[in-house]
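Below you will find one chain, with nothing else, as structure tokens; this is the form predicted alone, and questions on how it binds or moves follow later.
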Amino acid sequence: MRGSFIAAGASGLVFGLGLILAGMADPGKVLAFLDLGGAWDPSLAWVMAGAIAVGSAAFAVARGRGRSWLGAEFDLPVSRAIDRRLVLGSLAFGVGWGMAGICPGPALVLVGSGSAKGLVFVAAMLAGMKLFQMLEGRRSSKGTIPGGNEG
């Protein structure tokens, strides 16, 4: 178990440093990337392409294994359905990212640096997660299946 914490901490440190070096923790740079009609900065597209390549390779390896190298079980998503909930969740994420210039990973980097904007973002993100959890609880108690395609 201790090895898992060390590996998770090392992975988080590398991820955070990567976000800082790539400029993903700079809301101004992110907003410039999203500004397709103005002073567009395409440099973050390379960061995203690299992340997709590494993530795709990692998922391919994980699918062929039952457990991680440290012995933990994988909990990979199995659904490939593109339903209303997925689309609306993606839309909410994208709108929030575009409005703030911050997404969850870089927000944690900003919190670590003491940024007030990062703290406000993370507080709002946690409140949104709690609200979602409460709504899912109500939805489950009414007999609908979370993640279902009911409409």
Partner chain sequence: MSIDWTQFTPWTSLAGGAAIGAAVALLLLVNGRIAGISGIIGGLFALRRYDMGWRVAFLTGLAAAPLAWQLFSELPPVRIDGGYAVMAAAGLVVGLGTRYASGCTSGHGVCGLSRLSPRSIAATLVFMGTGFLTVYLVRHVLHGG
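Keep in mind the model is a prediction, meaning the values are calculated, not measured. Numbering follows the first chain given and starts at 1. Between two forms, the rigid core is the largest collection of C-alphas that superpose within 1.5 Å.
The same protein has a further form, the form predicted in complex with its partner chain, not shown here; the description that follows concerns it.
Chemist: Is residue 66 a contact residue for its partner chain in the predicted bound form, using a 4.5 Å heavy atom cut-off?
Modeler: Flag for residue 66 set to no.
Chemist: For the stretch 57 to 86, which residues lie within 4.5 Å of its partner chain in the predicted bound form by non-hydrogen atom distance?
Modeler: Heavy-atom contacts within 4.5 Å come from 58, 59, 61, 62, 68, 69, 70, 72, 73, 74, 75, 76, 77, 79, 80, 81, 82, 83, 85, 86.
Chemist: How about residue 114 - superposed on the rigid core, does its CA move between the shown form and the other one by 2 Å or more?
Modeler: Where the cores coincide, residue 114 shows only a C-alpha shift between the shown form and the other one that is less than 2 Å.
Chemist: Is residue 84 displaced by at least 2 Å at its C-alpha between the shown form and the other one when the rigid core is overlaid?
Modeler: Residue 84: C-alpha displaced by less than 2 Å between the shown form and the other one.
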